[in-house]
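Just one chain follows, in the form predicted alone, and it is written as structure tokens.
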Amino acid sequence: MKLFKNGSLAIGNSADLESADVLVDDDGLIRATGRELEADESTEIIDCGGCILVPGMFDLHVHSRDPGGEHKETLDTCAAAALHGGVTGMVLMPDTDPPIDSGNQVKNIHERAEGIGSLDILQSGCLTKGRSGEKLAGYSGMVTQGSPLLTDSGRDVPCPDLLRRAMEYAHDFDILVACFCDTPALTRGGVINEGRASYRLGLPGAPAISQEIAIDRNLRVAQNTGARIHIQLPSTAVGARSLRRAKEDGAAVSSEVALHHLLFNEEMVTDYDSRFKFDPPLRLPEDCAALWDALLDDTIDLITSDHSPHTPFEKSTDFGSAPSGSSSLETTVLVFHDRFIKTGKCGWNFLIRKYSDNPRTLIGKEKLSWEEGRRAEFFVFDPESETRLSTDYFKTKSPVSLFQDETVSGAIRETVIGVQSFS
């Protein structure tokens, strides 16, 4: 058994931290929580003085790159990065090579993922065959094999009639449709937000309306079909307003926001630094503020890392040619604490709701709990320490991050899942 002593428990329904010890038995189950718990001589005691015990996070939007992009990331390195960042469960996007668009492919990923650090790894499936936007993928097989949602991840379904049929079938299977909203005819070859930054840098811009129009269209199709829809990575104030109206109208809609869309804007793109290249791109300062407000008032339901690893060589090319995204599984909790919790903008309970409870609930999983008999699934966080986000810190195969070489407040000492601990 293990006894985590002298820590404070964080929970999702209260901003207060509760001083308590946590006793984990040899089956990895929580035996007891409370003050001054005692144990026999065979129990390993872990002193958590000054630390906070936080339920493991669940990331709904992770790009594993496996299969087909193993030079960027593998299932093993993706799992290691997640555990290092306090994430104990995640949904993998299907934008691999080949794309995950059949039940057999989902089954293969789930079988390979079994036992990797005891993580809860789920594989999503494509909406259309090969993410081509031309034919529907095999929904029945993917649902049977446990896909929690369907998405073309990084691509929208351009034909509204095909999208309608996709949502009708998804409604019949009662599976969530996650939409990456984009209007390709407007986005064209845009690599940065269309506006001051694109003019200043002489780069082709992607206008905000390319996403905003698609959000409105997809919401209307979902309302018409009765499908449950999840909007991936909204990045503008107008998009947030559309989501708010849809919720007020009673639509079965949820949405997520990536940390980089809360913290960074187009004005921060200088010297053609491709670490700041994302899809959708970084927008305006007022968009960042509107997304934070939407997260606060529950218009936006959850936070995601949008972990999108690329090798240093790939990201070192010119801004226009470099791929979009960066590694972020290991930095989301740390940076959120540094920017929002430590500064008093919110408490641990807010992060737990948005990055642990809500993602799990959305796909029909139980929220984590400190109750006796539940599996131990938490991380030990030291708020008084610091973490240097140097290359050596990362366990991902592609340690290119927006926060590279930055020092942030707090440190994740270890992540616990059942009887296993990872540091």
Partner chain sequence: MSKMKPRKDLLDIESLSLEEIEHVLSNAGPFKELFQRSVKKVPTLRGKTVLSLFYEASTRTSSSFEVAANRLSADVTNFSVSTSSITKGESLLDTIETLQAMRSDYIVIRHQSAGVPALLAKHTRASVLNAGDGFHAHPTQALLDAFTFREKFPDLKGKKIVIVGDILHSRVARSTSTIFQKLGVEVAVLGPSSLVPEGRPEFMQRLSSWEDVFDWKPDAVYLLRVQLERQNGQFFPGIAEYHRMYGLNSERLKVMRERGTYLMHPGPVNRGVEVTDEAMGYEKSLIGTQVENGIAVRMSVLHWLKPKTGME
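As the structure is a computational prediction, the values presented were derived from the model and not from experiment. Residue numbers count along the first chain shown, from 1.
Below, we refer to the form predicted together with the partner chain, which is not included among the displayed structures.
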Inset, instruction - Name the stretch, out of 294-302, 94-102, 312-320, 172-180, where some heavy atom lies within 4.5 Å of the partner chain in the predicted bound form. - result: 312-320
Inset, instruction - Note which of D271, D249, D161, E286 lies within 4.5 Å of the partner chain in the predicted bound form, where distance is taken over heavy atoms; exactly one does. - result: D271
Inset, instruction - Would you mind picking the one in G146, G195, G117, G226 that has a heavy atom within 4.5 Å of the partner chain in the predicted bound form? - result: G195
Legend entry - R200: touches the partner chain in the predicted bound form, heavy atom cutoff 4.5 angstroms: yes
Inset, instruction - Using the partner position in the predicted bound form, report whether R188 sits within 4.5 Å of the partner chain, counting heavy atoms only. - result: yes
Inset, instruction - Find out whether any non-hydrogen atom of G130 is located within 4.5 angstroms of the partner chain in the predicted bound form, and reply yes or no. - result: no
Legend entry - Interface membership of G138, the partner chain in the predicted bound form, 4.5 Å heavy atom rule: no
